[in-house]
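Starting off, we have a lone chain in the form predicted on its own, written out as structure tokens.
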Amino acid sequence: MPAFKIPFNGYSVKFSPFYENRLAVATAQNFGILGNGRVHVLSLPPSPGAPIVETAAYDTSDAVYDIAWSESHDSILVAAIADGSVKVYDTNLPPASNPLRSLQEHTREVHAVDYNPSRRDSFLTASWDDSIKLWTVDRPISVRTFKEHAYCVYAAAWNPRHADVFASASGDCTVRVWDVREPGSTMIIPAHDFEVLYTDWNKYDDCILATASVDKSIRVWDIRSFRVPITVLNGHNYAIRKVKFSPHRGSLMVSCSYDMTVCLWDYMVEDALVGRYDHHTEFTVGVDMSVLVEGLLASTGWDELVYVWQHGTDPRAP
């Protein structure tokens, strides 16, 4: 289907867990360095050749670095903002009634947000203030702050099976595993020699997680024995911004990189790189896989474009 042109630089894209034709995009003016941001809600066409349509848009006074759909309310979106705020939107309400809430606790940029898929009433935010915060939708203040990392926290990801467990990725080169019932982190993985930009859990094995780094590699870890990674995936030429496990196949992952590509990997086979897409012409910093439609991918980048395509097809095909 045709790419969707956004006015700012793309930062993150997320498929709705409720509607197979809906996705949200986080964007930032001037590459996120200075200027406004916007959250876009897009509707995919019923036929492949038709255009993607914008159904809602929310302007912010600072860059939007990430968004997450609620797992309990089909119209609720949470956005991570560069001014340190976390904004909650309801797409069923008119623009004047949004945001529903603006949560201002982080002291630096909020870089990532992740909604709890098990408990469905809580979400995490990761910030450049070196902390992660736990929130529930109905509270105006955070439930708890997790502060052990020595540098920016770029991502936090809930374990898909254990509602109290999450992992965080940081510029201090570590990934930490946390249990919200415990006073501190339960595990520290020295994952890379350079900054760790993202982490995600395997959706079919709750002990497996992947990390993406500035060192251009993806590493897959078994937290039961994490002295060495299960595998190291090389193939990107610059820093890897995100890596995500498939919701449909346990060994499949997708990644995006500053080398302007999106790559698909099967970490269980020898030739792990099973697909490479070079449709973007600038840094590719947002990627997602649909939970509802197997093989459906979306990406966005600094070229101000959003692509949605089926794995195995050309993202640029009209």
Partner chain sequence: MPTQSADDDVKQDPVEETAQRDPGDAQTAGTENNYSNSSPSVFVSSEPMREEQVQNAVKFLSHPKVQGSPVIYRRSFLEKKGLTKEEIDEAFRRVSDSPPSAQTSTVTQEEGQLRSPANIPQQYPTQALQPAAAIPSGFMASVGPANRYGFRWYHALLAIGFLAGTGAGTLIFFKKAVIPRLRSWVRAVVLAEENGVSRETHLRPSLAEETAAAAKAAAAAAADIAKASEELLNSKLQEKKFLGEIMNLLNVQLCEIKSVGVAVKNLQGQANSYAPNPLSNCDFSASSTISKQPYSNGKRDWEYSSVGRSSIPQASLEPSAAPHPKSYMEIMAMVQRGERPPNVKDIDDSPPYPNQPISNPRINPRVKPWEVGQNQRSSNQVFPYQLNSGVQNNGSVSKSQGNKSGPWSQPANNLRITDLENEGEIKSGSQRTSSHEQSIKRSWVPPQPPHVAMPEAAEAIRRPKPTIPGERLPHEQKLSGPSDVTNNESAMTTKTDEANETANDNGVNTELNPSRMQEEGKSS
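Residue numbers count along the first chain shown, from 1. Since this is a predicted model, take the numbers as computed values, not measurements.
Omitted here: the form predicted together with its partner chain. The next part is about that form.
Taking the partner from elsewhere, S255 is found to have every heavy atom lying beyond 4.5 Å of its partner chain in the predicted complex.
At a distance threshold of 4.5 angstroms between non-hydrogen atoms, D278 is out of contact with its partner chain in the predicted complex. In the predicted complex, at least one heavy atom of N36 sits within 4.5 Å of a heavy atom of its partner chain. Contact annotation: V269 falls within 4.5 Å of its partner chain in the predicted complex, judged by heavy atom distances. Using a 4.5 Å cut-off on any heavy atom, the residues of 85 to 99 that reach its partner chain in the predicted complex are, in sequence order, K87, D90, N92, L93, A96, S97, N98, P99.
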